[in-house]
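Before any questions on how it binds or moves, here is one chain, the form predicted on its own, in structure tokens.
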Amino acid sequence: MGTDLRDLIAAKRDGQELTPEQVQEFVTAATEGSAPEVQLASMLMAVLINGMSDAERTGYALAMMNSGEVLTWDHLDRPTADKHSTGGIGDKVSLIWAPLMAEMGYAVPMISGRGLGHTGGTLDKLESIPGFRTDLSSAEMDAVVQHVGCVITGQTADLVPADRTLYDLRSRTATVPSVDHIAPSIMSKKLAEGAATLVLDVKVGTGAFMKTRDDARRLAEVMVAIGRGAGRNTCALLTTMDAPLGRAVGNAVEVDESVDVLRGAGPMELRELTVDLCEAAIGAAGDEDMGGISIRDKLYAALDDGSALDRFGAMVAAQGGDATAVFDPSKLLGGEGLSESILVAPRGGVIAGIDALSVGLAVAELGGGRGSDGSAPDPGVGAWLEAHVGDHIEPGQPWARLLHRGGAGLDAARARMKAAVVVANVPAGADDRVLERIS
């Protein structure tokens, strides 16, 4: 006989707070398939309508975490740290953050995802490196972390199986857009990674999942509460995603730009945001003493002297990738057969805005996004912004390039890019990526 969840459904329907044991009963029923799907769906809807307390959400995340394998790192001689981003256009920070934190003496066991809709996925970017494996087992993850100090791979089937079951049901029952489901879902996976410290990059703006600052703040506060309730050092930064981050949007082009930052160059805003997120994680861990050197200075030094780049190359090699492609972008996948299409400024003035969502959709039109059937993106296509917000531009001056393979998607991509750029007669306001910190 299956599990009967009617009493729990009634309690949540009536606005009551569930105990951790009751939340665990619901998640266990979902994991084992021991309750009728209609009851699971009813509980999901009751949560969406009446919400959860911090204690319930923490219990929800922990119950999903414990539905599968939980990684532990007690055998390491270094503290552990990880980062999560809610996703945006041109967000390649993880590729820089992980080796940079490893240079700071942390072990980084990072499990990342693939592209979703118009946002790029860290795994898709890394797979533009020939041979790079994103399907490591937990034992292989451990070996790479011990050898290199950082690893970036995909979720194994043994991690948080309850979340996969419940996410599928949420997608079929119109219960996805709820912080009470979203935050425990995100945090269950990050908690299962086992890192002691977690920094959250919660994006807000046109190219982000959360469009308003209030909504982003709410999500950040809830996730930080879950992390702290689970005993992890957790903080969040609210960061803007109205314009793409950096100048590259795509897969191989974003790896190339990440390497630029790792060698001490690249766009300043990308360099600064990565350092901000490293500094936030180190602060959350309580490691303020860097041997008399400020945290930021030590982070900058690891970028400028090439040590973080060497660490990235070592990670690529340890995960089966061709490390020479890190130093020679022509070896990245997808470059053959590409053409360039130049977009020019419609008039002179100052670039007052570049809509992140439009740029992301343009790259998707070229084949740079994951298909609705789950098909892999084209690693070579993408966009490169020759100018950015705040730059002065002359009429007819190139402001962006599209890397493409022709076809119907090119016209659609060009139209989206033309709609993305706003040229004004007055200087643009300061582009401060970090809006606030939540801890």
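Computed from a predicted model, the values in this text were never measured in an experiment. Quick note: we count residues from 1 along the sequence shown, nothing fancier.
One more form of this protein, predicted in complex with a small molecule, exists but is not displayed; see below.
Visitor: Against the small molecule in the predicted bound form, would R170 count as a contact residue? Criterion: heavy atoms within 4.5 Å.
Guide: R170: yes, in contact with the small molecule in the predicted bound form.
Visitor: Is S138 part of the interface with the small molecule in the predicted bound form - any heavy atom within 4.5 Å?
Guide: Although the small molecule is absent here, S138 would stay clear of it in the predicted bound form, with no heavy atoms inside 4.5 Å.
Visitor: How about V144: is it within 4.5 Å of the small molecule in the predicted bound form, going by heavy atoms?
Guide: No, V144 is distant from the partner.
Visitor: Is S341 close enough to touch the small molecule in the predicted bound form, meaning at least one heavy atom pair within 4.5 Å?
Guide: Contact check for S341: no, nothing within 4.5 Å of the small molecule in the predicted bound form.
Visitor: Hey, of 357 to 365, 182 to 190, 331 to 339, 252 to 260, which bit sits against the small molecule in the predicted bound form at 4.5 Å between non-hydrogen atoms?
Guide: In the other structure, the partner sits against 182 to 190.
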